[in-house]
Ligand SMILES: NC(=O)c1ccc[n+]([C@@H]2O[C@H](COP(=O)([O-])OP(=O)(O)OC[C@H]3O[C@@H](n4cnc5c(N)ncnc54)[C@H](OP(=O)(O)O)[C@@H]3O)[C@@H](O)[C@H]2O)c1
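A lone chain, given as C-alpha cells: the form predicted on its own.
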Amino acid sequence: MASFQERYGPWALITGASSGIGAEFADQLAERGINLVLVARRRDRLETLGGELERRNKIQVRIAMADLSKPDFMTPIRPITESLDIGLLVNNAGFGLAGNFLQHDLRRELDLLNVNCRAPLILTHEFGRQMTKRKRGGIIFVSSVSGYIATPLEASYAASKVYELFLAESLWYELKKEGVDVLALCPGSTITEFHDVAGSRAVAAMAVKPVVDLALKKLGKKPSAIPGRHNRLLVSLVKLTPRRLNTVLAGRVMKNLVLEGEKDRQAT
C-alpha cells in the first residue's frame, strides 16, 4: 500500500493557511513530509509559519499571497505551482457573515460567495485535472455542519457550505475511478478566528488538531467526515427532524449567538 506521501505528495496546496484549520493542516502535512504551498492574504503570518515548518520538518515551503475574493486570484498562484506536482489540495479558506442578510453590504456577500464557492471550484478544476492525469491525488473541502442545516442569520454561509459539501461528495464518486480521493470535512464550531470575523459567539468549539486529524484519517476512505461526537449527533438529529423545524430552531440559536457576539465586541 502506498504511503501518504506517495499518494498525496510531494506537494500540497492549502488555502487560508495563515491561521486556524489551515495552519493546522500545514503543520500536520509537514510532519508527514509533504512540501507546502501556503495561500492566504497575510504574508507575515505565512512567512513565519513557513519558516518554522521548514526548519522543524526539513521540507520546502512556498508562499502565494492571494485574495480569493478577487476575480484574478489565480495570478499569483500559477507561477509558483506551474512546475510543482500538487498531489493534495486543501480548500480551507472561507468566512461567514452573521446577522440579517439584507443588512449586510452586498460587496461583502459577494466576497463570501467568491471565497467559499468560486475559488474552490476554480482550484479544484485546475489541480484536479492535473491529478487525474497522474492517476493519484487528494482534494479536501472544508465544509461545515452548517451544510446540513438552513441557518437564518447566517444564510449565505450555510448555503455556501451546502455547495462545498455536495460538490465534494459528487466529486468523490466522479474522481475515485481516476485515483483521486475527495473528502468533505464538516466541522462544527472550532477555536479559530471565524466567529470574530462573522460576528457571533462560538459554542462547544473544538480545537483544530482533532479536526484535521480526522480529515487526514478519513481521506480516501469516506466521502465526508464530521469531527466531534456532539456534531455527529446534531447532524443525525437534523436528518430525522422536519426541515422547517430545524430552520426555526437554528434561527433561534443564531439570534442568541449574534446577540452574545455583539456583547463580546462591546466588552473589548
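Quick note: we count residues from 1 along the sequence shown, nothing fancier. Quantities reported herein were computed from a predicted structural model and do not represent experimental measurements.
The same protein has a further form, the form predicted in complex with the named molecule, not shown here; the description that follows concerns it.
- Within 4.5 Å of some heavy atom of the named molecule in the model of the complex lies at least one heavy atom of residue 92.
- Using a 4.5 angstroms threshold between heavy atoms, residue 151 stays clear of the named molecule in the model of the complex.
- Among heavy atoms of residue 32, none comes within 4.5 Å of the named molecule in the model of the complex.
- At the 4.5 Å threshold, heavy atoms of residue 193 reach the named molecule in the model of the complex.
- This chain appears without its partner; in the model of the complex, the one residue of 175, 123, 97, 115 with a heavy atom within 4.5 Å of the named molecule is 115.
- With the partner removed from view, the residue among 42, 222, 232, 62 that has a non-hydrogen atom within 4.5 Å of the named molecule in the model of the complex turns out to be 42.
- Taken together, the three residues 4, 57 and 215 all stay farther than 4.5 Å from the named molecule in the model of the complex, as judged by their closest heavy atom.
- Comment: 137 to 145 is the region of 123 to 131, 98 to 106, 137 to 145, 80 to 88 lying near the named molecule in the model of the complex, near meaning a non-hydrogen atom within 4.5 Å.
- Taking the named molecule as positioned in the model of the complex, the residues of 144 to 179 that bring a heavy atom within 4.5 Å of it are, in sequence order, 144, 157, 161.
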